[in-house]
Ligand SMILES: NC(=O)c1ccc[n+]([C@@H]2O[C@H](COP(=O)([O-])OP(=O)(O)OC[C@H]3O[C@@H](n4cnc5c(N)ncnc54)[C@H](O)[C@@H]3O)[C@@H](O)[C@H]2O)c1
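First, one chain by itself: the form predicted on its own, in structure tokens.
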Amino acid sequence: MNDSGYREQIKSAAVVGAGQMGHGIALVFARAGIEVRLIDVSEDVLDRATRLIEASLGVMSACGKLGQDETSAIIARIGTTTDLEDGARGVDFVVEAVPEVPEVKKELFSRLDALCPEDVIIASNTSGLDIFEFAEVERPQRLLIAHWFLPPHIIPLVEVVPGAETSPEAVSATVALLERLGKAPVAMKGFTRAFIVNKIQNMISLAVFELLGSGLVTPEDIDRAVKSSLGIRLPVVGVVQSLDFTGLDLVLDLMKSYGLTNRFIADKVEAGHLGAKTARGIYDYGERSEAEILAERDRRYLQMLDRLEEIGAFEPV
């Protein structure tokens, strides 16, 4: 145990829930050399999880991400059980990945809180439930959210979300562990429903629903349009930095046309920080000229476009 009060050398973990997310999370731990106990109430679910883990490892191996010797070792590190007490006993870190049903999670948190020593962090994979409102645990300082993305053994991001009583040390210890696992954690300062990505994705979904109901465009046209525009740009400039390339003065005018205000953007514009054209906006571009900034952006766009075309990304999977 380190000065934070939480275990520094994570050698074993328990993943409770072997469904769509749980088995992939277990694979990530095992790939990093950590012994994993995959727990579920159903033997059938555990059997399916084992098959899916083996299939995922096969794909990773075929893509050159793993050697055959690594595949065997990873599988050997994953044990399965239907006994929560036996599975959670003695582990260094716990991930909850059961269905998004508050009553089920509430009971599980209470049991885990009683089973696990106080230096073991309990991380929920909820995609938006405010577990801090209904969890009844004696040690809330070690309860947090670590939200993974499907498929968890491929997508780098994990959103780390603390509750009001979660200790900063538990957050930093979780972030350090996720980085050791090869993930790209982003730690929020507190809870908001849907966190970061799902909050943005939900707005996209609402627009898609509207378009699908309008009869003005086909589903295939929507995907083709997004892949051929945002699909090239967002991996390079994201959703926030892209505003710098639009120009924050134009962004502010567009917001006003929709009857919206945003103090963060307005302050930037008032300070003359308009984005790439002034070498400072939401991001600071240093001493580079506008031409230099745009040239670097365009170079990355061209590389992204070439790669997407190479792998056939513009066609349906």
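A residue's number is simply how far along the shown sequence it sits, counting from 1. All figures in this text were calculated on a predicted structure; none of them were measured in a lab.
Not on display, but discussed next: the form predicted in complex with this ligand.
Stretch-level contact check against this ligand in the predicted complex with heavy atoms at 4.5 Å: of 220-228, 175-183, 118-126, 243-251, the positive one is 118-126. No residue of the trio F29, V94 and I155 has any heavy atom within 4.5 Å of this ligand in the predicted complex. Heavy atoms of A13 never reach within 4.5 Å of this ligand in the predicted complex, leaving it off the interface. Interface residue remark: P99 is counted as part of the site for this ligand in the predicted complex, having a heavy atom within 4.5 Å.
Using a 4.5 angstroms threshold between heavy atoms, R142 stays clear of this ligand in the predicted complex. Looking at A291, you'd find every heavy atom of it more than 4.5 angstroms from this ligand in the predicted complex. Contact with this ligand in the predicted complex, judged by any heavy atom within 4.5 Å, is made by just one of V208, L216, A73, L150: L150. Within 4.5 angstroms of this ligand in the predicted complex, the stretch 166-198 places no non-hydrogen atom at all.
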